[in-house]
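First, one chain by itself in structure tokens, the form predicted on its own.
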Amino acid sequence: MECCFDPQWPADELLMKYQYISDFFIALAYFSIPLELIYFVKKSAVFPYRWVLVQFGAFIVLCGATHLINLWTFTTHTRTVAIVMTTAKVFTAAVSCATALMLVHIIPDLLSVKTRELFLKNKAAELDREMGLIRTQEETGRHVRMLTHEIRSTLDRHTILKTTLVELGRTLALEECALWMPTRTGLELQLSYSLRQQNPVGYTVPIHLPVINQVFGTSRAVKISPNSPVARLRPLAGKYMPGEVVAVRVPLLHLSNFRINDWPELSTKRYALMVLMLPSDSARQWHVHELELVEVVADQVAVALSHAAILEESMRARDLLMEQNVALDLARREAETAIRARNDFLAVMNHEMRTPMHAIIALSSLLQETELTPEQRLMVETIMKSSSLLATLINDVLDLSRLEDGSLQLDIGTLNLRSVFNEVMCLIKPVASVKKLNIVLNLAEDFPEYAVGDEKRLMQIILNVVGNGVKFSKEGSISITASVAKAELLRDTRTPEFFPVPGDNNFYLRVQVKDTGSGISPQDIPKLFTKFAQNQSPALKNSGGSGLGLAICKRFVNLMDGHIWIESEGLGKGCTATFIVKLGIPEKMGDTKFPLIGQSAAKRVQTSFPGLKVLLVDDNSVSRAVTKGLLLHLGCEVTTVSSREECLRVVSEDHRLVIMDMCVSGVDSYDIAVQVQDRFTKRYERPLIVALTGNTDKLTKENCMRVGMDGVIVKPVSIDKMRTVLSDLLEHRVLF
């Protein structure tokens, strides 16, 4: 029996179905593997062989594509071939799917192990490069700090620039480094400093070259051609390749408008040019950090140069200021010396002129008391008037001198305002009556009776202003109006420079004097308060006066925190003079003793003093004879002496009055007064001691009061003045 074994193989249709299924899974596996590789490459950014993976992925995709194509190009084979192909494809499909599934698990491990190691190596290399850059930058920063310290340790411009070139050359290993400075004209750049050349002078280039404009147009360091004019720092020797050259601008401080305590101006059009050259025949190039170093150094040099320029200019200004101060101090000392000399001269002239004037006025007044013919009386009156004008001029010059040098101070005290105006009227009316002028005084209803101020200077102002009205008026009337200035009327658009400050303890007195005189042209009004200025009108040239009255009045008014002005509509239309002065308000009216001498002096003046024994001390024979004549005419019994010894020997209790000239030669007149007082133990026994002097300053009065004198008589003295003085002195026992 033939025994043969025939294996049972799947049918042909089933084999074909298995091949279809195997080709599908093989293609699916082949297409999934490249996707996994793409994912791996994407996640592993530092994988070094990406092109291999790309090539391998392309190969697998193509293999999968062949199997995919087989699905449409499948043909029938022999049964044996079909069995073999089916077995191979099934096996291939199983292996391919297993490989694809295995990659899904392996790729994360690969990413976490091998690729991480490579990533760390790459990062370490990158970190090394960054650390090298940081070390380079730190080194550069250290050099910048060192250079900044070096150039800021001095304020000398030449030291700053030379140090900068040396330090830059050492830090950057430069072959050459130079600085081009603008010339005085500003049209050229001159090679002023060089690293290798000791005295780089004579090299100049026009400032409007394109390469210079390029560098000046930016604050960054600019690479320039080694063949440009500013880069030719060294002569060409042999054939060599010049190194790279950069240039940077250095701002310079513009000090044409420099002022002490002011900010200088930084000109944006004035620069220096710094040129830096790398070594020749080298492959070295400029790095970014080196260019940044050059820019920083240029800025630091600009700051240091600005400080040096400010120091130089401030020292120059200081020296100039010191010279000016020395000149001013010298001028001040010369001016003070001149003022002292002038004051000394005026004081001497004042005394020396008053002594002969005393004789002229005294003798003239004595002549007036005698029988004279009309012609003689006219001559004597002319002498008296001229002497009075001369005395007024001397007083005005002295007052003006003291006002200008600031030595004159107001003598503040309580005064009777109504008495002041009444006394002015008593003095002015006789003069006005001669010219047949009517004078009217109008005091406001609320006009205060008492005030605090300088009575003498206030009366002097009023007399000057009213006197001018009388002087320049031939007919008509003069009105004097006085009132307390209202607060709303203090400020006047015509006097913008006057700033009154009302207070609870003061008020402003407003006095207006209006006349019907010759008037004045409006253009001449500002000149009235100028020294020695007089009205130039032909009709008024012979009116007399020194031109000092209003100038002095203005200064007195200013001392009293006031203002004075004059108004006139023109020639022949009269004038209106107005002044405002600040006066104080007395604190206690009831406890204050007010001077009433001026108010009632005329009623109590004695015409003669028979039996009044007077001791006259004067070493000047003329002055002594004149004063003795006045006293004798008034009925006094006069004893005259010319020295201290005679005075101390003659003086006794019988003498009621001692008149002592303050210029007794060889002795201190104040000392005589003290010795006379010492001779009498009881005050009521000693005589009254009065100084006769030509000095009108306040110091003389204070010295007389200090040594215990009872009064001061200022030369010149007329018979009327002597009569008034003796009357007041005997009544009040004091004359200050």
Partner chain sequence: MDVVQLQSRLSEYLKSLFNDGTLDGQFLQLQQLQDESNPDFVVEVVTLFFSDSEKLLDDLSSSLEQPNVDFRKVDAYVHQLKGSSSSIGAQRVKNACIAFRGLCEEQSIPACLRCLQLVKQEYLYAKNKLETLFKLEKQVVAAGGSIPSLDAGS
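Numbering follows the first chain given and starts at 1. Since this is a predicted model, take the numbers as computed values, not measurements.
Only in words, not in the display: the form predicted together with its partner chain, which the text now covers.
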Original post:
Out of A359, L273, I428, I478, which one falls within 4.5 Å of its partner chain in the model of the complex, going by heavy atoms?
Top reply: A359
Original post:
Which pick from S623, S419, S518, N468 sits with a heavy atom within 4.5 Å of its partner chain in the model of the complex?
Top reply: S623
**OP:** Answer for H307 alone: is it within 4.5 Å of its partner chain in the model of the complex, judged on heavy atom distances?
**Re:** no
Original post:
Is there any non-hydrogen atom of V717 lying within 4.5 Å of its partner chain in the model of the complex?
Top reply: yes
**OP:** Would you please decide whether D399 lies within 4.5 angstroms of its partner chain in the model of the complex, comparing each non-hydrogen atom pair?
**Re:** no
Original post:
Is K527 close enough to its partner chain in the model of the complex to count, meaning some heavy atom within 4.5 Å?
Top reply: no
Original post:
Counting only heavy atoms and a 4.5 Å cutoff, which of 612-620, 643-651, 165-173, 337-345 contacts its partner chain in the model of the complex?
Top reply: 612-620
Original post:
Which residues within 345-367 place at least one heavy atom within 4.5 Å of its partner chain in the model of the complex?
Top reply: H351, E352, T355, P356, H358, A359, A362, L363, L366
